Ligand SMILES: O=C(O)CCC(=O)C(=O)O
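As structure tokens, one chain now follows by itself in the form predicted alone.
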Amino acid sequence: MKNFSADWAAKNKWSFDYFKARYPDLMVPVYGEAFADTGKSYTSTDDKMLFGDYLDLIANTPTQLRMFLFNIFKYIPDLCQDFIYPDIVDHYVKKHPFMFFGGATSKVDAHFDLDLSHVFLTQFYGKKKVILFGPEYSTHLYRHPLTVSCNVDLGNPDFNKYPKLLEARGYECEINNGETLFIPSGYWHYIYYVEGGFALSLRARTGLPRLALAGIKMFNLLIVDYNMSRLLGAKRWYAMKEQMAIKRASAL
């Protein structure tokens, strides 16, 4: 969408220099290489940095460091005055907008959002490549049981190891400054930062059946998967899930 953010003050206000000038000393969590093939939780932070130092880094240098799942609006609430929720869907999750920052060459492994919300991803600076797959291809993407993720690198897929990928049909696009991508509930998305930049994510709730399903998925991931990892060890449990995913895909 080209006009989703047309009336936002943020469109002409937000920049690396704007954030750095106002909030350089905010301590923020940063994340390194994506979590595929590691057994590491995608919520495990790698380090913390001053926001100003991090912005300098991603503005000038290719880096794997990303910033996500951090509610910057909790610390800088006046940023919420710089955008609006366009009246095209009901039930926006207005308490939890998120911003995502990343350096050139960083990536977000293929996953779908745990709460099963619809997502409106608006790019403010730089460009991203995004690959999407519908939920009907979860087994083709070798989804790990109990999780919302897989071990497949969609930026450089290994078709010998994951042959069922060849049968999946998805979408690929590039989003640039001022453009918004709609990601439907449950859709897999892989994101590659072609350039360092940042984006705003607004989410919208789905109906009660999807909310109930989201609750089940949250229980599976946050309770069952977490405790299995503690019981068996992260590496061993991750390898077991990988084998289960391969077995399920082979049965298609």
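The model shown is predicted, which means the values in this text are computed figures rather than measured ones. All residue numbers refer to positions in the sequence shown, first residue = 1.
Form predicted together with the ligand: not shown, discussed below.
K.L.:
Is Lys128 a contact residue for the ligand in the predicted complex, using a 4.5 Å heavy atom cut-off?
P.N.:
Flag for Lys128 set to yes.
K.L.:
Indicate whether Val30 is a 4.5 Å heavy atom neighbour of the ligand in the predicted complex.
P.N.:
So Val30 does not count as contacting the ligand.
K.L.:
Report whether the minimum heavy atom distance between Val148 and the ligand in the predicted complex is within 4.5 Å.
P.N.:
So Val148 does not count as contacting the ligand.
K.L.:
Considering non-hydrogen atoms and a 4.5 Å limit, does the ligand approach Arg205 in the predicted complex?
P.N.:
Contact check for Arg205: no, nothing within 4.5 Å of the ligand in the predicted complex.
K.L.:
Just one of Ile72, Val108, Leu132, Ala104 has a heavy atom within 4.5 angstroms of the ligand in the predicted complex, so which one?
P.N.:
Filtering the options by heavy-atom distance leaves Val108.
K.L.:
To verify the annotation, which of these, Val93, Leu121, Leu165, Leu79, has a non-hydrogen atom within 4.5 Å of the ligand in the predicted complex?
P.N.:
The residue in contact is Leu121.
K.L.:
Just one of 111-119, 136-144, 150-158, 166-174 has residues with a heavy atom within 4.5 Å of the ligand in the predicted complex, so point it out.
P.N.:
Result of the contact check: 111-119.
K.L.:
If you apply a 4.5 angstroms heavy atom cut-off, which residues in 166-200 are near the ligand in the predicted complex?
P.N.:
Residues within 4.5 Å: His189, Ile191, Tyr193.
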